[in-house]
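Given next, in structure tokens, is a single chain: the form predicted on its own.
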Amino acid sequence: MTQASTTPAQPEKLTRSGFLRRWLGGLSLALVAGLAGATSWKSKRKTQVWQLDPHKCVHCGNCEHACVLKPSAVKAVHAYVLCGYCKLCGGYHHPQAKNLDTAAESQLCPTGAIKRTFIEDPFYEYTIIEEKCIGCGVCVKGCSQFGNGSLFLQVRHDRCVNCNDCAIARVCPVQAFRLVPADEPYLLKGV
């Protein structure tokens, strides 16, 4: 009669390369599962994005400081169809400017984010340099008070991280931020 062995089975000896193969295999499965979950969340979330309604905005300056990005994802935008191309631009020139020129002390923008180009007397074109714009809204406020309102603020979606609960929307005093369809993410001013 043979007697069955009662000694426990010895665990398989794991080599360094075997350990790494098992560890990396488990890690890749976890990454694939995580990415699948993140992709499905992102695709659901991207049906709507945050945007600033230019008709409600009061140019309070919160966009510059409250955004989680530095500089802010909110940038000044110029509606050329509304612009008068004036020599005296309320969004470009400081109200107390002694000269209507491009000198820094004459400009309203604290970062020099607006480029002024001469067209013909008395017309000038004003272009926003988005890389310099910090979203402070000073030019927008000036344009609304002393001009025709052709400058306004918008969330630029090539920069925005689309926070689930927008930090700027939480502090906006007039609730000018709202969710809009991602396929039409901008609320533009027109004639």
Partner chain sequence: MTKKTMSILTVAAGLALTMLLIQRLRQLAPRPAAPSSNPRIAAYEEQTGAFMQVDPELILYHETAALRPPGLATVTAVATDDEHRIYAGGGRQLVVMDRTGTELRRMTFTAAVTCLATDPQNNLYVGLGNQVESYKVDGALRTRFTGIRQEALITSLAADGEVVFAADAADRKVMRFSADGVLQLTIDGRENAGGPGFSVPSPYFDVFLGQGRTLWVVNPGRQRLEEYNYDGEHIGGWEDAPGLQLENFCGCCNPSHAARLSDGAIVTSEKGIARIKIYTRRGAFTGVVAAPGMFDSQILSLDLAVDAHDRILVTDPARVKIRIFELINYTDNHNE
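As the structure is a prediction and not an experimental result, all values here were calculated from the model. Residue numbers count along the first chain shown, from 1.
Heads up, the form predicted together with its partner chain isn't pictured, but that's what we're talking about next.
> Looking in the model of the complex, any heavy atom of Arg178 within 4.5 Å of its partner chain?
Outside the cut-off, so no.
> Since only the chain is shown here, I'm wondering whether Gly147 would be in contact with its partner chain in the model of the complex (any heavy atom pair within 4.5 Å).
It does: once its partner chain is placed as it appears in the model of the complex, Gly147 has a heavy atom within 4.5 Å of it.
> Under a 4.5 Å heavy atom criterion, is His94 part of the interface with its partner chain in the model of the complex?
The answer is yes: His94 has a heavy atom within 4.5 Å of its partner chain.
> Answer for Gly112 alone: is it within 4.5 Å of its partner chain in the model of the complex, judged on heavy atom distances?
Residue-level check for Gly112: no, no contact with its partner chain.
> Taking its partner chain in the model of the complex, which residues along 75-103 bring a heavy atom to within 4.5 Å of it?
Heavy-atom contacts to its partner chain in the model of the complex: Gly84, Cys86, Leu88, Gly90, His94, Pro95, Gln96, Leu100.
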